[in-house]
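Shown below, as structure tokens, is a lone chain in the form predicted on its own; questions about how it binds or moves come after it.
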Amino acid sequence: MKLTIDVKNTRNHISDAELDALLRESAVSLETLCAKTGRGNDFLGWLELDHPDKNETDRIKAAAKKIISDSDALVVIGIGGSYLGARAALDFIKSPNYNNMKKDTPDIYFAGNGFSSDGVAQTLSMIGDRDFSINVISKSGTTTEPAVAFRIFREALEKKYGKKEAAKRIYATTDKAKGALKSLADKEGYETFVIPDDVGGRFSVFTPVGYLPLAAAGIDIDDLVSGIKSAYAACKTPDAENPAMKYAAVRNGLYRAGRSVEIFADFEPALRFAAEWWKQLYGESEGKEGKGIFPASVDFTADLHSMGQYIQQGARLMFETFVKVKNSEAEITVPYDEDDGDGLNYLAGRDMTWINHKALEATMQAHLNGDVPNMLITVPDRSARSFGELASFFEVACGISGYMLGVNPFDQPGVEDYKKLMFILLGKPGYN
């Protein structure tokens, strides 16, 4: 595994003896996770995603090839885990500016993750008269946000192509046998892909949920799988150097020492949605029974000029997890200026990546000096393999960490409360 983790900046807060005990505890939790004997063990199918079904992946690749050939845009409709994983991977592997780049693959628009009229109108406007397809993702087909968006974009698609031709451009990722979306897809003849019964949404990026939109963007599924295999080989082994065990152990040790907020800190725009995905993964998995580390995120260096003040000198309730991309795709150097009015000639000829890494090192040390312990996770590059490693590492560590915390990491009972109240306010039949 090429991903590495460095926890030395937490050692002032966790002694050698404490770390040893935490690692032993994390090893027990890993054994529980891999043996599938803990709480929520009926949602552990993601542990086997390093061996995907070849027939399913071949169908995904064929569908993606068709989308690339007949569409200038793909609208991916989903919320939560049906959205964040694919968005995180697309930004990481391709670019946050993917839709603005010259390419031979369609623009990817994400919809159904809110109720903004302006957001929907702007997406429709950006598609314009171009050819487009839809990938609607929902196990039930009745989750309100994506269901509303699907009605709107399906109507636009059917107006453009007619109902019969539109059906050939709708791909439904849903339950294998039941639910409103599955019934509609069977009735209308949409091509369908299966969300596995034993994989929860926030763990579903390496299923058709993520694979179809990513393949449509030209990302190689096999490269992602190679990263998953590499991560699982390292993270399922009960060893003191297991990066997932180490991460789970240290974050729980800091939590028990009173650090209740974890900040995902990145220095690359391509990691912003990886942080959003990570926040759902850990927030939804651990935030229950009055427990859990609150996951937050910052984009550095920009947030060093805003949130940096609080992190440096505010309440000492947080720790940080820095994620570093070792190698950049582009090499940009600082030009020499004869006048040197800005005083930057000392950086002339220096590569921007080198400067960025020095800023990261300085930030870690400054925050440590300010009594904010931190860890560093490093990936070699922004390849599909690296994303496979990074996401799989976080998933395994999440399962270990949740068991160490003493909760079921694989349910989310609290997310239904807002829905019940919203349905009352919307006047949904049966809700009073």
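Because the structure is a prediction, the values reported are computed rather than measured. Note that residue numbering begins at 1 and tracks the sequence as displayed.
Omitted here: the form predicted in complex with 5-phosphoarabinonic acid (PA5). The next part is about that form.
Annotation: in the predicted bound form, residues 202, 412 and 419 each come within 4.5 Å of 5-phosphoarabinonic acid (PA5) through at least one heavy atom. This chain appears without its partner; in the predicted bound form, the one residue of 308, 243, 80, 196 with a heavy atom within 4.5 Å of 5-phosphoarabinonic acid (PA5) is 80. Proximity to 5-phosphoarabinonic acid (PA5) in the predicted bound form, taken as a non-hydrogen atom within 4.5 angstroms, holds for one residue of 321, 207, 138, 133, which is 138. Only one listed stretch (80-88, 154-162, 313-321, 338-346) carries heavy atoms within 4.5 Å of 5-phosphoarabinonic acid (PA5) in the predicted bound form, and that stretch is 80-88. Heavy atoms of residue 266 never reach within 4.5 Å of 5-phosphoarabinonic acid (PA5) in the predicted bound form, leaving it off the interface. Residue 286 falls outside the set of residues with a heavy atom inside 4.5 Å of 5-phosphoarabinonic acid (PA5) in the predicted bound form.
For residue 123, no non-hydrogen atom is located within 4.5 Å of 5-phosphoarabinonic acid (PA5) in the predicted bound form, even though that partner is not displayed. The closest non-hydrogen atom of residue 143 lies within 4.5 Å of 5-phosphoarabinonic acid (PA5) in the predicted bound form.
Shown here without 5-phosphoarabinonic acid (PA5), the chain has only 280 in 244-282 lying with a heavy atom within 4.5 Å of that partner in the predicted bound form.
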